[in-house]
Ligand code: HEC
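One chain comes next, on its own, written out as structure tokens in the form predicted on its own.
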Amino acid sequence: MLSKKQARMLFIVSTGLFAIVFLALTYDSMQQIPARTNAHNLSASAIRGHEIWNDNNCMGCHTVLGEGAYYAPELTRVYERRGEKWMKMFLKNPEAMYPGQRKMVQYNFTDGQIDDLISFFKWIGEMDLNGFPAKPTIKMSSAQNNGAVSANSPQVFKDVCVACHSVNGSGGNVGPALDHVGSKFDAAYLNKWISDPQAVKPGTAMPQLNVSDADRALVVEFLSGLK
């Protein structure tokens, strides 16, 4: 049984000891921040993107680095999940990508603002966060998937379509694999589907991509050959 004097001394020593440990760990964490956040890659564009993020209160719906709301998707690794091309298309017109479904506000961002936001998300996505959040199952960046999907797949397919679909085991898994899609549907059907998915199947999760006629023709030709 400790006396009052001993108990007081134990409390003082323990508090002091744990305070020292806490300060030491805090100092160590602060020393690691520049390397873990890749501070040397924080460009002027990424800084502007962060300002756009704050000015438009994006955290009112989204979460980044564990902070924000959970109404809309978590975006810490969105660059890895979706990639630059897909993000540009979505930020340009969210409603056009998912007619009648998306509730994201149309901010009418300029091309420069979109580039700045993507720079911000790219910088965030490259941070060393000790495994947070869980590694996404969908990978979508040209650097990762160019050539991995198929040697003759058009660039628009590598940049956009593999965010959800896979070919030869490479790509996303949100939508169905497309390895034999050419044996199931003819070119006319595929063209109509890519042009306006909601017209073919109302309520489908397939977004309205709004790709150019030339890009759509390339994708249709490529998919028609997957038999």
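Computed from a predicted structure; not experimentally measured. If you superpose the two forms and keep the largest set of C-alpha atoms that fall within 1.5 Å, you have the rigid core. In this text, residue numbers run from 1 along the sequence as written.
This protein has a second form, the form predicted in complex with heme C (HEC), left out of what is shown; the following refers to that one.
S.K.: If we define contact as a non-hydrogen atom of the residue within 4.5 angstroms of the partner, is residue 174 a contact of heme C (HEC) in the predicted bound form?
M.R.: Flag for residue 174 set to yes.
S.K.: Would residue 94 count as a contact of heme C (HEC) in the predicted bound form, using a 4.5 angstroms cut-off between non-hydrogen atoms?
M.R.: The answer is yes: residue 94 has a heavy atom within 4.5 Å of heme C (HEC).
S.K.: Are any of the heavy atoms in residue 124 no more than 4.5 Å from a heavy atom of heme C (HEC) in the predicted bound form?
M.R.: Residue-level check for residue 124: no, no contact with heme C (HEC).
S.K.: Though only this chain appears here, would residue 47 touch heme C (HEC) in the predicted bound form if you measure heavy atom gaps against 4.5 Å?
M.R.: It does not: once heme C (HEC) is placed as it appears in the predicted bound form, residue 47 has no heavy atom within 4.5 Å of it.
S.K.: Can you pick the one in 37, 170, 43, 56 that has a heavy atom within 4.5 Å of heme C (HEC) in the predicted bound form?
M.R.: Comparing distances to heme C (HEC) in the predicted bound form, the residue within 4.5 Å is 56.
S.K.: Select from 174-213 the residues with a non-hydrogen atom within 4.5 Å of heme C (HEC) in the predicted bound form and write them out in sequence order.
M.R.: Counting only heavy atoms within 4.5 Å of heme C (HEC) in the predicted bound form, the contacting residues of 174-213 are 174, 175, 176, 178, 181, 184, 185, 190, 193, 194, 201, 204, 205, 206, 207, 209, 211.
S.K.: Relative to the superposed rigid core, does residue 177 relocate between the shown form and the other one - that is, does its Cα move 2 Å or more?
M.R.: Yes, its C-alpha moves 2 Å or more.
S.K.: After the core is matched up, is the C-alpha of residue 58 off by 2 Å or more between the shown form and the other one?
M.R.: No; residue 58 is a residue whose C-alpha shifts by less than 2 Å between the shown form and the other one when the cores are overlaid.
S.K.: Checking residue 68 here: with the core superposed, does its CA move 2 Å or more between the shown form and the other one?
M.R.: No, the C-alpha position differs by under 2 Å between the shown form and the other one.
S.K.: Look at the CA atoms of residue 205 and residue 80: state whether they lie closer or farther apart in the predicted bound form than in this form, given a difference of 3 Å or more.
M.R.: Relative to the shown form, the pair is farther apart.
S.K.: Hey, the CA atoms of residue 73 and residue 203 end up closer or farther in the predicted bound form than in the shown form, with the change being 3 Å or more?
M.R.: Farther, not closer.
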